[in-house]
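What follows is one chain in structure tokens, specifically the form predicted on its own.
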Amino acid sequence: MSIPQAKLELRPLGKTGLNVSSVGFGASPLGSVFGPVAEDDAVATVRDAFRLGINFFDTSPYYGGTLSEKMLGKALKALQVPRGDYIVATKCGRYKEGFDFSAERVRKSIDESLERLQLDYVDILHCHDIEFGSLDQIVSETIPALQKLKQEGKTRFIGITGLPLHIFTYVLDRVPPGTIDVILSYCHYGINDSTLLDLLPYLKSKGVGVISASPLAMGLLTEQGPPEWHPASPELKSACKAAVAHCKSKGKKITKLALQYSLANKEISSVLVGMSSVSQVEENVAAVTELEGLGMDQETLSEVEAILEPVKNLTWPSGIDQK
């Protein structure tokens, strides 16, 4: 049975030839990392996302200690659509047990992931949060192992992910051109921090596709606020809280504004947003549709930017982003 798909804007991902939906489905919540998600709900959420035009799904063995991959695998299988109709990214190197970027672990990791996802291949295999490993090992051991997996057809493309932006240039400057197809950056392209902008011309020159995650800055730009462990400074937390309150007082949703801000830059192929319910999917897709139709609420955006101006681009306490 084919599910009729709505039209969501598709953007080219670097030189991969893949066209990914402008909003990508972040599947970490399916691993019950933010609260329990029942299997039926996971399946319904993925089905709705696909129906509304989202074709890009991102997971990792780290999310929920492999649970996210298992849930996403079941949900994608339940779609009963041709494999070429959706794009799946998973990761290697980071696990519940810790980090391991060795070639041996990478090889084992993809086989385990494919089994959990019930797939023969993934479209993108990322090295997950490489700043926690040795970047030289990533260059000399991990990436060559990923290239072998690419030759074997277990992944179509290779990516790297992490928080500090300098890790991307470090690795890309040390591998042959065309080795890395994609980077996934998070928390660096949103209303409060847009430092990823500075890197875009460089990434383009390298032919690398750009995925940006966490437009809500891991909870800073939400009404419920960030989790306890959030590393932001007290100043940033209070400025974001003030921005949230300002939007609320005007009857506006800061989450919609923040997502639209991230989506407005077409140099970024896809903005990944964590989703675990049909209502979240519908809210996110509505934000995209509205952006394409009516455009952004510039007045509220300017007011929010003014509130966040003193803390702009200061997302991480000194040192965290500079490792």
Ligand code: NAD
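These numbers come from a predicted model, not from an experiment. Each residue number is its position in the shown sequence, starting from 1.
The next section is about a form of this same protein that is not shown, the form predicted together with the named molecule.
Colleague: Since only the chain is shown here, I'm wondering whether P215 would be in contact with the named molecule in the predicted bound form (any heavy atom pair within 4.5 Å).
Modeller: P215: yes, in contact with the named molecule in the predicted bound form.
Colleague: If we define contact as a non-hydrogen atom of the residue within 4.5 angstroms of the partner, is L272 a contact of the named molecule in the predicted bound form?
Modeller: Result yes; L272 sits at the interface with the named molecule in the predicted bound form.
Colleague: With a cut-off of 4.5 Å between heavy atoms, is E69 one of the residues that contacts the named molecule in the predicted bound form?
Modeller: Because no heavy atom of E69 falls inside 4.5 Å of the named molecule in the predicted bound form, the answer is no.
Colleague: Please determine whether G64 contacts the named molecule in the predicted bound form, using a 4.5 Å cut-off between heavy atoms.
Modeller: Judged by the heavy-atom cut-off of 4.5 Å, G64 is well away from the named molecule in the predicted bound form.
Colleague: Looking at the named molecule in the predicted bound form, do all three of S21, G53 and Q260 come within 4.5 Å of it through at least one heavy atom?
Modeller: Not one of the three qualifies.
Colleague: Quick one: of Q280, T289, N265, S32, which gets a non-hydrogen atom within 4.5 angstroms of the named molecule in the predicted bound form?
Modeller: It is Q280 that has a heavy atom within 4.5 Å of the partner.
Colleague: Which among 126-134, 190-198, 232-240, 109-117 is in contact with the named molecule in the predicted bound form, heavy atoms within 4.5 angstroms?
Modeller: Checking each option against the 4.5 Å cut-off leaves 126-134.
Colleague: What are the residues of 23-48, in order along the chain, with a heavy atom within 4.5 Å of the named molecule in the predicted bound form?
Modeller: Counting only heavy atoms within 4.5 Å of the named molecule in the predicted bound form, the contacting residues of 23-48 are G26, A27, S28, P29, F34.
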